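Read the single chain below, which is given as structure tokens and is the form predicted alone.
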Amino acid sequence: MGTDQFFLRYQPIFNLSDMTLIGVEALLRWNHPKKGLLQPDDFIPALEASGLILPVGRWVITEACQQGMAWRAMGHDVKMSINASARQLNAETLLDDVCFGLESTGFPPGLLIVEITETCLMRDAQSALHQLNALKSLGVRIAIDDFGTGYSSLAYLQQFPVDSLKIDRSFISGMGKSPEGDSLIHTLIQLGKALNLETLAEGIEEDGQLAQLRGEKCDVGQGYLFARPVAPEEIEQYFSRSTLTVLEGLVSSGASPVVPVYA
């Protein structure tokens, strides 16, 4: 199986202080010849188990960097977030894959963000630390994905060269439902600030969640309140119009996003 059956969708990421587009997350989709469109939960575990995630992951990085360069040619420097798999990290191919993607496309390393889950980092902490330091030496940024669902150890946050914490959507969905849930969000954001790390909230779906996150001074966010993962040309609407204008357009048109299947 080649990579011709795969394609990427991009979910916008916004600066919550002024609601400007600052980046996108590249998300993998599979157009299966028999089963049709498959979401990541339906095929990523199989790719991981078979080892096919290695060539597919390499393709994702290069394809995302190429798309980033296409937007740069339009005059827009957009940060590109990609997800690194456990298999890539364990096989120690991630550095080579990132180097290939950057060198073959010319995409600036400072605009590339590699997202790695807490659990992946701690499977082999010393190997992960070596690879992340090598990535940082290229100028690439590192984000901890699904933060709060794994080890959440202050020791590793200080050890690894991390730039950003992605607060897991399960915590965002609990906002406004209990004092404990609100306190947890406050604590996670303040932890990021204390460690001089960017905080990103994922899975924002309600106006109240957005208002509360802005009140807590969370740095950036993404979610279905803004947009589902979309094709590159749909991202481009955010280049020419403010986010609030786009959101107002959705409301006035009566558009309602489908309940998402998250990557």
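Not measured: the values here are computed from a predicted model. For every residue, the number given is its place in the sequence shown, counted from 1.
Note that the form predicted in complex with a small molecule isn't included here; everything after this is about it.
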| item | value |
| --- | --- |
| One stretch from 28-36, 190-198, 210-218, 65-73 that, in the predicted bound form, holds residues within 4.5 Å of the small molecule by heavy atom | 28-36 |
| Touches the small molecule in the predicted bound form: Asp41 (any heavy atom, 4.5 Å) | yes |
| Any non-hydrogen atom of Ile204 within 4.5 angstroms of the small molecule in the predicted bound form | yes |
| Partner contact for Ile144 in the predicted bound form: the small molecule, 4.5 angstroms, heavy atom | no |
| Ile235 within 4.5 Å of the small molecule in the predicted bound form, heavy atoms | no |
| Candidate from Ala84, Met80, Val98, Leu165 lying within 4.5 Å of the small molecule in the predicted bound form - any heavy atom | Ala84 |
